[in-house]
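Quick setup: one chain, the form predicted alone, written in structure tokens, and binding and motion questions come after.
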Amino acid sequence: MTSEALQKAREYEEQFGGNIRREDRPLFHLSPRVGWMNDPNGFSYYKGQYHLFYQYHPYSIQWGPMHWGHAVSPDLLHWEYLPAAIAPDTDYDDAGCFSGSAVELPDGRQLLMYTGVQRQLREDGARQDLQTQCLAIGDGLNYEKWTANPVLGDADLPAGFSRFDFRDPKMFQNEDGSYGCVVGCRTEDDSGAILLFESADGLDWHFVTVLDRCYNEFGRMWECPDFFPLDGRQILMCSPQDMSAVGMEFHNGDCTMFLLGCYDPKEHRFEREGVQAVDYGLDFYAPQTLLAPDGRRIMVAWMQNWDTCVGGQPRGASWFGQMTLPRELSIRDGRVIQVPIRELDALHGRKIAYTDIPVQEETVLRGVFGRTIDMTVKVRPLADCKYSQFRMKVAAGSQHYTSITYSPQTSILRISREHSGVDRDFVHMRECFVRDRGGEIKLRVILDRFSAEIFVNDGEQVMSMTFYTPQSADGISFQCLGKVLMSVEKYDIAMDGYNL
């Protein structure tokens, strides 16, 4: 039965979502049907389609009481909106239906687990919202909340763990058919931890262990966890809040990280062996993965930063927030590697290619422009001529540009949107170290109207950012301090049959 709150949200998105022109949205990145979007939820493959739910406030482009928006796709690129899946309409989630996940039950139904937030006031009048884990079950279109909600709460937590910061359940199926779930929580030392729960049927859950915890080393609260095997390793992924910068590996604020290690499923023991940032750019948070039918581990994230949500929004728009391009994950040389999903290749339109073009002064190549493109740039130094800097400008016009700069002496790659039309004083530049390859670098740059994702050296690092310059600013240029040889392969992205 559809509640009044959910029916209201569905009617609103049906009425106003269709008013947003296709050309005013990202072309192949998912944006909200209308209003506000943040974390990806319930990223799953179900009944022959990819499902992506998302944190959603349809009524404005600001964060508000969280609903779950819903979209499906055959290829993770052509998205079709479905009606909102759940709304805050019970006493245990009256302040919002926060992030969660999805699995398929043996009877073919889809199970959603989410964090229900219940508004509470302390004796001093301050608000402190109780967070519990709740279920909803449906057929891929309509979902009913479980009558026994909440299924995990204060009584299920180990001693000293906070019921007010206990959120973002990510379910997975074990080899024996049972279910596991990781949940973020705040500990007695006011820092983060990831808890493991298990269930035989997906409905009745119990606490198992603390998989890993922060001890105030990497930020404080650990949100949006995920836990999965990858090429012989076990990955615990989470999003720390209130991080202090660690060199160029982690930046200040809200970050994301891979904890690489090994896992003993019998003893339920995760041994952390390494830590790696997930994305080194300006806009990336709360990633979630799924296991595709062909065995690929695919990840998607909210392509935004909490600290840029005010002032970084497009003027006059009735939507805000978008997802990253889904990425395939693998392990190479002890690092998690990310590359764009191979389905993107099927959208390649007109090709423009240049090989070993000398670049020194600012250079513009015929046919190399656009705001919806997939472009690979390879730079190599000349044997008798070192260079000190290579810079690429994209989304460039008479007043605006977004820059990507590589300095071989320091092996530092920098992205900047300082000249991308943003008129608010927040972070516009980010840097990361890349592996020294004697001055050579390979950059795959994917532009989609309001964003850039830069995949460095076949996915060793990725840097993501959003910007909202006019679409007429579609120029691309290259410049070098010194001299290099550059090869470029650029494809326009064509979206025949685009559903939004």
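Residue positions are given as counts along the sequence shown, with the first one as 1. These numbers were taken from a predicted model, which means no experiment stands behind them.
FYI, the form predicted together with a small molecule isn't displayed, but the following is about it.
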Checklist line | Location of the small molecule contact in the predicted bound form, chosen stretch of 146-154, 92-100, 320-328, 173-181 [non-hydrogen atom, 4.5 Å] | finding: 92-100
Notebook entry, point to check: So which of Phe207, Trp306, Phe426, Tyr354 gets a non-hydrogen atom within 4.5 Å of the small molecule in the predicted bound form?
Noted result: Trp306
Notebook entry, point to check: Pick from Tyr45, Phe433, Trp63, Tyr59: which has a non-hydrogen atom within 4.5 Å of the small molecule in the predicted bound form?
Noted result: Trp63
Notebook entry, point to check: Can any non-hydrogen atom of Gln461 be found within 4.5 angstroms of the small molecule in the predicted bound form?
Noted result: no
Check: Is there a non-hydrogen atom of Thr466 within 4.5 angstroms of a non-hydrogen atom of the small molecule in the predicted bound form?
Finding: no
Note to self: Check Glu453 for me: does it contact the small molecule in the predicted bound form (non-hydrogen atoms, 4.5 angstroms)?
What the structure shows: no
Note to self: Within 4.5 Å, heavy atoms only: does Asp279 come near the small molecule in the predicted bound form?
What the structure shows: no
